[in-house]
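Next comes just one chain, in structure tokens: the form predicted alone.
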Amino acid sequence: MDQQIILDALFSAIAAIGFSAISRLPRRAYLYCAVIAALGHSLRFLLMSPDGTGMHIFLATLIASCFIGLLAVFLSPLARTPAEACFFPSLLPMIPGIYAYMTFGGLALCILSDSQEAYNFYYYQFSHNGFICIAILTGMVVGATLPVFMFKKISFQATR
């Protein structure tokens, strides 16, 4: 379990650095984005693990996104970048790619199905995975932006 958490944190940090570079952030912000992503993604991993709480991915993502938002608000003045610039690359490793993939796979198979039973099964897969994907993305947005609005004074210090 410890090794999985460390690998999860490492890969999230690497992805956040890559997304920071693509977003053209100043290099001084790369380390902060990496730390925020590693801690946030590891929190989600722990919340979802059977040894931890075994929480559903939506709720775990909402809590981890709020944690990422809090870290971004308090670390962005050190990086001298807006909090949004710090949490955006840190959130990207948590995008629910497998749910999006299964959503569109279910849609394609739904369209190509020959029987009513197959159509119903693939439509269920399409809608189930689509709702989870949209819920996770919504949780990421809400969770990360709430701290920015709650701590406006600190949040906008970096841009003054």
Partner chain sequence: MMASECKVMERQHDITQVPSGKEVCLFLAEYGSWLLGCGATCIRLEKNMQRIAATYGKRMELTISPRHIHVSVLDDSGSDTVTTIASVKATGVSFNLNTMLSQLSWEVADRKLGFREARERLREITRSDSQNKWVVLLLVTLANASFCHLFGGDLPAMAVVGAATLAGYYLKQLLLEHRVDIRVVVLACAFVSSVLGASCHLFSLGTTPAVAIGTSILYLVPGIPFLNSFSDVLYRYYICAFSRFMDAVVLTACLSAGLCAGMALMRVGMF
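For clarity, every value in this text was computed on a predicted model and none was experimentally measured. Numbering follows the first chain given and starts at 1.
One more form of this protein, predicted together with its partner chain, exists but is not displayed; see below.
Q: May I ask you to state whether His56 is within 4.5 Å of its partner chain in the model of the complex, using heavy atom distances?
A: Answer no; every heavy atom of His56 is more than 4.5 Å from its partner chain in the model of the complex.
Q: Would Phe88 count as a contact of its partner chain in the model of the complex, using a 4.5 angstroms cut-off between non-hydrogen atoms?
A: Contact with its partner chain, yes.
Q: Does its partner chain come within 4.5 Å of any heavy atom of Arg28 in the model of the complex?
A: So Arg28 counts as contacting its partner chain.
Q: I'd like to check something about Leu92: if you look in the model of the complex, is any of its heavy atoms closer than or equal to 4.5 Å to a heavy atom of its partner chain?
A: So Leu92 counts as contacting its partner chain.
Q: Quick check on this chain: which one of Met102, Ile132, Leu39, Leu47 has a heavy atom within 4.5 Å of its partner chain in the model of the complex?
A: Here the answer is residue option Met102.
Q: In the model of the complex, which residues of 44 to 75 put a heavy atom within 4.5 Å of its partner chain?
A: Residues within 4.5 Å: none.
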